[in-house]
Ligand code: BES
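Encoded as structure tokens, the following chain is the form predicted alone, with no partner shown.
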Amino acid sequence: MSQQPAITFSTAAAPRKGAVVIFCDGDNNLGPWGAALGSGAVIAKAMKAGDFKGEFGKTLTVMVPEGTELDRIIVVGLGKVDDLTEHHWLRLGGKLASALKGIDRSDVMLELDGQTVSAASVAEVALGIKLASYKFDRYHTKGDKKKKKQDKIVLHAKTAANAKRKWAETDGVADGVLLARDLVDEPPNVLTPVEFAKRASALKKLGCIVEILDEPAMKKLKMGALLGVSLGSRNPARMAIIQWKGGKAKDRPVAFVGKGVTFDTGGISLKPGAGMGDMKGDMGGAAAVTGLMHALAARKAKANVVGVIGLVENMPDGNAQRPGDIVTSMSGQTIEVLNTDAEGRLVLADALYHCNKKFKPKFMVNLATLTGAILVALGSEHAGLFSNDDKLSEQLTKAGLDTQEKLWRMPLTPEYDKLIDTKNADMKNIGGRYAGSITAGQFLQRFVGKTPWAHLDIAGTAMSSPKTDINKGWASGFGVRLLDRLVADHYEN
């Protein structure tokens, strides 16, 4: 990824040189810094000339302001201050990352008239800056070969000391998001199942316990559903099991399971060629779980957490499974594979069952770029939420609203479940033309038993989603902040 700016915190007064950022509310009140910098009249004149009204996120740059030694003053609008939420401060950080790009040092004065910006809000600004500064450029070979001097951004606030402590935790979450983005952005000739497993193993450095299952180990466990997907690829399958033990020894863990199809051609049920390159991102669920485990370990979460990722490549050679094949899952249930492009659910079937059997978790949440049908239903603004447990669904929905990684609950009922019955096996892997995301959820539900469980279909949110203030790239890292919040709010000691 591209070089990130160095973010520090300070209670010092604004410098008299360089670039300074001040804030303006919706009433054009500049707070204490307009006058303190000796440039209030200049800024007011520039605001009038530019019809600047302090609307949220709008910026105004005053170059070489008269009466000062500053290079520039950047005014950022806040709108109505009383309406600012956690997500507004995060977005402001994203706005600042864009406005300050390429400036060697910038000082941001997070002080308002008569109000103290909380440490949590300051940390959210820092998070927004870091997330918005991400760029996947490791394969660029042209351009300036000299190492660019790292930009420095200093956040000035009365709460700087507490904000620095808060950032020590939040920074680990940011790194988890960026790790997830990196994994999704990687080309599929680099990020094979074996390479993905190696990168998951790197979490040992943070104190995680990581076990990698190779194909012989999975054959011994009778994971016929997952291994069937991998038959056509020369890149062997892997399963990575990541544990973070930050809670009490007696506490049952919570578990997260990710679909990791490192490239999906559709197999024998071949996808159209146009847009197939995007299928390097069909491991977005596994990327989110890996990023989440990084975030939890980096901030030393006081919880016991398991992450399980099933890693395969779906290719169409002479050994590939065919439409009409019947495979036996680890659970013993048989599956008629009528469409080899409905492969992610086969991977998750064995991953969920193994996770449940081995760890007996309090709950399981799986993430997968599972169906195009969820894009038809929800577009890219919400991920689909399917669950057998109302309490878990409510907790996930709230965490989604708090982080703005939003979820929308979809139905699971016996009527839909019947659509995946077949006379030839215990079930089939597709349910027909309609309700495709729902029948995929019904399929997964057959492998979780009575354990509270939720399935997040992130096909519309993990990759190629709309650009936002905190993400300008192709991969979003969706799910890391959402699930970190779920754990922090409800499952830490």
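For every residue, the number given is its place in the sequence shown, counted from 1. Note that this is a predicted model, so its numbers are computed, not measured.
As for the form predicted together with the named molecule, it is not shown, yet the points below apply to it.
Participant: Taking the named molecule as it sits in the predicted bound form, is T371 near enough to touch it, meaning that at least one heavy atom pair lies within 4.5 angstroms?
Facilitator: T371: contacts the named molecule in the predicted bound form.
Participant: In the predicted bound form, is there a heavy atom of the named molecule that lies within 4.5 Å of any heavy atom of M463, even though the partner is absent here?
Facilitator: Heavy-atom contact with the named molecule at 4.5 Å: present for M463.
Participant: Please determine whether H88 contacts the named molecule in the predicted bound form, using a 4.5 Å cut-off between heavy atoms.
Facilitator: Outside the cut-off, so no.
Participant: Look up in the predicted bound form whether D417 has a non-hydrogen atom within 4.5 angstroms of the named molecule, and give yes or no.
Facilitator: Because no heavy atom of D417 falls inside 4.5 Å of the named molecule in the predicted bound form, the answer is no.
Participant: Any idea which of 263 to 271, 233 to 241, 120 to 128, 347 to 355 reaches within 4.5 Å of the named molecule in the predicted bound form, heavy atoms considered?
Facilitator: It is the stretch 263 to 271.
Participant: Tell me, out of A459, I43, V448, I438, which residue has a non-hydrogen atom within 4.5 angstroms of the named molecule in the predicted bound form.
Facilitator: Among A459, I43, V448, I438, a heavy atom within 4.5 Å of the named molecule in the predicted bound form occurs only for A459.
Participant: Using a 4.5 Å cut on heavy atoms, which of Q150, T116, Q404, N339 is close to the named molecule in the predicted bound form?
Facilitator: Selected residue: N339.
Participant: Can you list, in sequence order, the residues from 276 to 290 that come within 4.5 Å of the named molecule in the predicted bound form, counting heavy atoms only?
Facilitator: The stretch touches the partner through M279, D282.
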